[in-house]
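A single chain comes next, written as structure tokens; it is the form predicted alone.
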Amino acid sequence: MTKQEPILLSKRLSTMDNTTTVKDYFGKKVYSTSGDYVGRVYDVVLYEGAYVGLLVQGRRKLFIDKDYCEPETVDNIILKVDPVTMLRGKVVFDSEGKRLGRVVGFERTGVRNTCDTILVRKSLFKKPVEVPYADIETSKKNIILNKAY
């Protein structure tokens, strides 16, 4: 049985070539700009009939705005950013190489992909230390700060 092409009734399209459907996104892997695995697409979000973003299931469920996505690739979706949620669990070092602990949380204002401070805990029984986001020099596999603590 062959796949039957739909009959077009459109002012906008004359052919279905180079088009994608919502179901084409389901299950696609999502990676951050630095190559870290974020999760898989489990839904597409529409607002007033227009595509606005993706729902991704990874360690946590995320809504990722379409503005944070690179133009579509064949098998995966690459983001233009590293989601701030990916900071959790990274090891933090100060500018002198001293290990401060792991990121256990962050404080955000609003819903943008930025945070004001990260919460770093050295051990289970110590209170987390607040580190301003502006003090982060590099954030790849580990976080390196631009100050000594």
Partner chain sequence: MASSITSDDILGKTAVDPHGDLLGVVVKLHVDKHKKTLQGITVDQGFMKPDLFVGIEHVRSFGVDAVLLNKMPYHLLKGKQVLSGEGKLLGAVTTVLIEDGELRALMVSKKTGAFRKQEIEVSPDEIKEAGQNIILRRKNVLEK
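Positions refer to the first chain, counted from 1. In this text the structure is predicted, and so the values were computed from the model without any measurement.
This next part talks about the form predicted together with its partner chain, which is not shown.
- Item | 4.5 Å heavy atom contact, Phe93 to its partner chain in the model of the complex | Close contact exists here: in the model of the complex, Phe93 approaches its partner chain to within 4.5 Å, heavy atoms only.
- Query: Is Glu70 close enough to touch its partner chain in the model of the complex, meaning at least one heavy atom pair within 4.5 Å?
  - Reply: Although its partner chain is absent here, Glu70 would touch it in the model of the complex, with heavy atoms inside 4.5 Å.
- Contact flag, Glu137 vs its partner chain in the model of the complex, heavy atom cut 4.5 Å: Heavy-atom contact with its partner chain at 4.5 Å: present for Glu137.
- Would you check, heavy atoms only and a 4.5 Å threshold, whether Lys66 touches its partner chain in the model of the complex? Looking in the model of the complex, residue contacts with its partner chain do not include Lys66, since no heavy atom lies within 4.5 Å.
- Those residues of 121 to 144 which, in the model of the complex, come within 4.5 Å of its partner chain by heavy atom: Residues within 4.5 Å: Lys122, Glu137, Thr138, Lys140, Lys141, Asn142, Ile144.
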